[in-house]
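Let's start with one chain on its own, the form predicted alone, as structure tokens.
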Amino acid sequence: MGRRLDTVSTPARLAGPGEGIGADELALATRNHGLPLEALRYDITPPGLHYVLTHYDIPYVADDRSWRLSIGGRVRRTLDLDVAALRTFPQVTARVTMECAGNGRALLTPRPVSQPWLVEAVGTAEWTGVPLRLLLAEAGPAPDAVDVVFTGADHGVERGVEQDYQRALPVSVALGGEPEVLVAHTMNGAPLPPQHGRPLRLVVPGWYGMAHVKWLRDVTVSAEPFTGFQHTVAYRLRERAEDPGEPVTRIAPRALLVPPGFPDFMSRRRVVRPGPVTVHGRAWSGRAPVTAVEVSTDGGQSWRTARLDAADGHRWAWRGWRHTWTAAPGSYVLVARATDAEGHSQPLDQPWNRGGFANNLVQRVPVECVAGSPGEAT
């Protein structure tokens, strides 16, 4: 008798007290990668440094010309488009900061066992493609349409459920102009790399990464709410396994520091010299524009207001900030905290849920200020 899928795919669980990162989590961590925090210096993240999370396998696409995108379901007429046909529609380029919904998960206690992100699961790119609303207008959604379902070509099993990766958006979001959802074919002026969804992916500004379906091949307009695994089982904010939970949607505010000074190889603990140190980084929110960033050098006991870079018109991209700190010999913990225009601010204490989602706890960066010169023993 053959094995069942639920014996191949393990259920969701929390790490036990003192349990370290397991071999399965390590395997995920080698497949998926975050942004090296020093790369926060780039306004636009180079594709190889942008974070990547792939649920199953990266589909092999030998020739973009054979790829088809179908648009159907509750529509006036179905569409079957290749990439060349998509390029005949009006094109839009948008600079968008994308963050994984599980960013920060590995820092939680107890730790949800999954992709063990610290805080690096983020990146900002310029995506070019067709506004989804134009494609849906061409197809003509029915008046009773509720959700628009997006299916990627990546296929696998998760918690015993065999599936293509699928997510949905409410019709109001899919047809909306703010944010404008894109069917993208280009990243930073070049065709999408394989790991970023070649040849087509969805880009949903302001939403966590699970909504940005890669290797997009099917768009289905539905008169019923979508109940697929990635929508109603995964990516839910719940305290207990039996809770229905709330859906993960828009990105909570977050600020990250470019690590100052230079690092210790193993611990990544930072070393700076006495004197003025520029503390800088990026901040973003998918709910409202970032309006303030505060910086602490004493672990959050006291705060100073950082200077925000001028707004550059890229509503859905991160914003730079900086603060000058005069360092003296000693040990410090640097913290940055972002606040957006709706008053949402990062918490100082751990927010927790079973999936480790939307955890925007402030980043803490241990720093040693040491007198001396390069090459001296310290």
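Throughout, we count residues from 1 along the sequence that is shown. None of the values given here were measured: they were computed from a predicted structure.
The discussion below concerns the form predicted in complex with another copy of the chain, not included here.
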{"item": "In the predicted bound form, A153 touching another copy of the chain (heavy atom, 4.5 Å)", "value": "no"}
{"item": "4.5 Å heavy atom contact, P36 to another copy of the chain in the predicted bound form", "value": "yes"}
{"item": "Contact flag, G48 vs another copy of the chain in the predicted bound form, heavy atom cut 4.5 Å", "value": "yes"}
{"item": "Interface membership of D312, another copy of the chain in the predicted bound form, 4.5 Å heavy atom rule", "value": "no"}
{"item": "Option touching another copy of the chain, based on a heavy atom within 4.5 Å in the predicted bound form, out of A241, L118, L134, A142", "value": "L118"}
{"item": "Listed residue (H344, R68, R322, R31) with a non-hydrogen atom within 4.5 angstroms of another copy of the chain in the predicted bound form", "value": "R31"}
{"item": "Stretch in contact in the predicted bound form with another copy of the chain, which is absent here, among 87-95, 144-152, 299-307, 107-115 (heavy atoms within 4.5 Å)", "value": "107-115"}
{"item": "Within 261-294, the residues that have a heavy atom no more than 4.5 Å from another copy of the chain in the predicted bound form", "value": "G261, F262, P263, D264, F265, M266, S267, R268, R269, R270, V271, R273"}
